[in-house]
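Shown here is one chain on its own, the form predicted on its own, set out as structure tokens.
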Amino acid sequence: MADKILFDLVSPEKLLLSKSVDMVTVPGTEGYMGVMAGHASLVSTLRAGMIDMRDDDQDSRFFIRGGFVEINATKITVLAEEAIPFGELELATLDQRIVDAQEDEIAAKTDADRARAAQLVDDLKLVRAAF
């Protein structure tokens, strides 16, 4: 049996999940990264995307709207701006978020704001493709 890693998923409202799992994949700013027990310590920002959690042949997914992750050899903690179980994520809501992000991109006053909005549009479209 492989070693487990403790996974905490925290939203601004509450602790959503605290469980020992085999592996967690998170949407890091520089790309998705898989985390297992024994991982090197790091802190990273997260972008909008899916968190995939694997535990004894059972997979769970959460949509997050961004946040931070703290990783060490025995624990991964995700502090999400927003987290929704994939089964509760509605397609109409996701489509509206894409439209809103596209409007933000058009209305952006600085290049940095425009780039952030464009990245959010791309990230949300990737989540949309998972449906």
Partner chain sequence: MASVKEMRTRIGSVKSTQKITKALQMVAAAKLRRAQSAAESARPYARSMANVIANLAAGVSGPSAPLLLAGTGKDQRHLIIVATSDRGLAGGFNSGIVRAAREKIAALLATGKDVKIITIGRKGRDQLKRQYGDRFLETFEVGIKPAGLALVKPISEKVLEMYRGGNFDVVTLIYSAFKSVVTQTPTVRQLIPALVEGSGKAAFYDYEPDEDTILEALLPQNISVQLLTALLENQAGFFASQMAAMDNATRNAGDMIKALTIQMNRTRQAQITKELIEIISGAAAV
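This structure is a prediction, so every number in the text was calculated from the model and none was measured. Numbering follows the first chain given and starts at 1. Heads up, when I say rigid core I mean the largest set of C-alphas that superpose within 1.5 Å between the two forms.
Beyond what is shown, the protein has a form predicted in complex with the partner chain; the following relates to that form.
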Legend entry - Joint contact, Glu90, Ile98 and Gln102 to the partner chain in the predicted complex, by non-hydrogen atom at 4.5 Å: no
Inset, instruction - Using heavy atoms only and a 4.5 Å cut-off, determine which of Ala80, Ile51, Ala48, Ile76 is in contact with the partner chain in the predicted complex. - result: Ala80
Inset, instruction - Would you check, heavy atoms only and a 4.5 Å threshold, whether Ser41 touches the partner chain in the predicted complex? - result: yes
Inset, instruction - Flag Met36 as yes or no: does it have a non-hydrogen atom within 4.5 angstroms of any non-hydrogen atom of the partner chain in the predicted complex? - result: no
Inset, instruction - Mark Glu30 yes when one of its heavy atoms lies within 4.5 Å of a heavy atom of the partner chain in the predicted complex, and no otherwise. - result: yes
Inset, instruction - Report whether the minimum heavy atom distance between Ser11 and the partner chain in the predicted complex is within 4.5 Å. - result: yes
Legend entry - Contacts with the partner chain in the predicted complex - residues in 84-111 whose heavy atoms fall within 4.5 Å: Lys109
Legend entry - Exceeds or equals 2 Å, Cα of Asp104 between this form and the one not shown, core fit: yes
